[in-house]
Ligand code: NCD
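In the form predicted on its own, a lone chain appears below as structure tokens.
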Amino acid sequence: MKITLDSPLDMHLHLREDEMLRNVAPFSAKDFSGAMIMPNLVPPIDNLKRLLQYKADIYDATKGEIFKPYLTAFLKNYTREELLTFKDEIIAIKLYPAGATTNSDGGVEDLSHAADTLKLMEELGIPLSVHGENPKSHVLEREKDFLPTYEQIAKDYPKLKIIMEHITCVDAVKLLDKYDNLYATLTVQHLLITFDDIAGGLLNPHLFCKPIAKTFEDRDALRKLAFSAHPKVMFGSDSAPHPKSSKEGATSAAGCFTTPIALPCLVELFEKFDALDNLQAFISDNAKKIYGINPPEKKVTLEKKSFIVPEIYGDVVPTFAGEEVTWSVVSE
């Protein structure tokens, strides 16, 4: 049994820089036609020169593959002139609450401080991508406690397209259809696991990410969105590689490296719940409509052939290392 996907897209991806970029980017370029790349580097992507260099580095790391990186900029106070220079080079601007996740210390502490930039983005048609967590709340409540901020932005800027990234809870699902300008991405890990998988037995640091996975009820709500190919929802892996030494130790960095197993796991899951007919929309078609993009044409075929997830890629341990997945990407 085989399935072919047309131009699959990953609309939330971390590629890092330098050696890590060269290690992980080829996996995305092999399985996806394009991806939306996050800007939370050190220093962040917040000016045109830095963005263009990063874009060149990504193309260099993925050369030989059909793959388009859709770049984003780190939200700060931009002038109209700065945004105009960015507009044709980015797909969105990313809002990080200060301290919410990896490399977000320079993020937004008070939304009112970004009001002028958000107004300009609304006027210029630049979407807002958001890491929706309140870092001052309990870890399991951070996304829920951020939802009033989504509502505030949606009401204050009704023509601003707002993407609620990697949503994880029932309350976020309920909010999605309340405002016309709200959209969302879903990760593969949040469709598969709950908090119990992370900490219900022995602690599994390679399933630890932010927002953290939550309850069975939350996971089921996310699955319902994905399996129905809800038109305001698209796939975004939030694949976030860290060296093994940063994941396994006294502390563990937040992030799941899912890129090498994302498509096989999604096909396996959608098949299990008799939803394969809606996978194309979830993995590509919805994103093309939401962002108004035309990614490179690329066919990716998977076959029902089991493989064991490698224990490590370079110095990065993938999600579900050592476990069996029943679908594989067909090598050309």
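Numbers for residues come from their place in the sequence shown, where the first is 1. Only a predicted model underlies this, so the values are computations on that prediction, with no experimental measurement involved.
What follows is about the form predicted together with N-carbamoyl-L-aspartate (NCD), which we do not show.
J.: N-carbamoyl-L-aspartate (NCD) isn't shown here, but in the predicted bound form, which of 221-229, 203-211, 115-123, 178-186 has heavy atoms within 4.5 Å of it?
T.: Within 4.5 Å of the partner lies stretch 203-211.
J.: Does A254 reach N-carbamoyl-L-aspartate (NCD) in the predicted bound form if we count a contact as any heavy atom within 4.5 Å?
T.: Yes, A254 is a contact residue.
J.: Mark M164 yes when one of its heavy atoms lies within 4.5 Å of a heavy atom of N-carbamoyl-L-aspartate (NCD) in the predicted bound form, and no otherwise.
T.: Although N-carbamoyl-L-aspartate (NCD) is absent here, M164 would stay clear of it in the predicted bound form, with no heavy atoms inside 4.5 Å.
J.: Would A240 count as touching N-carbamoyl-L-aspartate (NCD) in the predicted bound form under a 4.5 Å heavy atom rule?
T.: Yes, A240 sits close enough to N-carbamoyl-L-aspartate (NCD) in the predicted bound form that at least one of its heavy atoms falls within 4.5 Å.
J.: Would you check, heavy atoms only and a 4.5 Å threshold, whether N40 touches N-carbamoyl-L-aspartate (NCD) in the predicted bound form?
T.: Judged by the heavy-atom cut-off of 4.5 Å, N40 is in contact with N-carbamoyl-L-aspartate (NCD) in the predicted bound form.
J.: Any residue of 1-34 with a heavy atom within 4.5 Å of N-carbamoyl-L-aspartate (NCD) in the predicted bound form counts; write them all down in order.
T.: The stretch touches the partner through H12, H14, R16.
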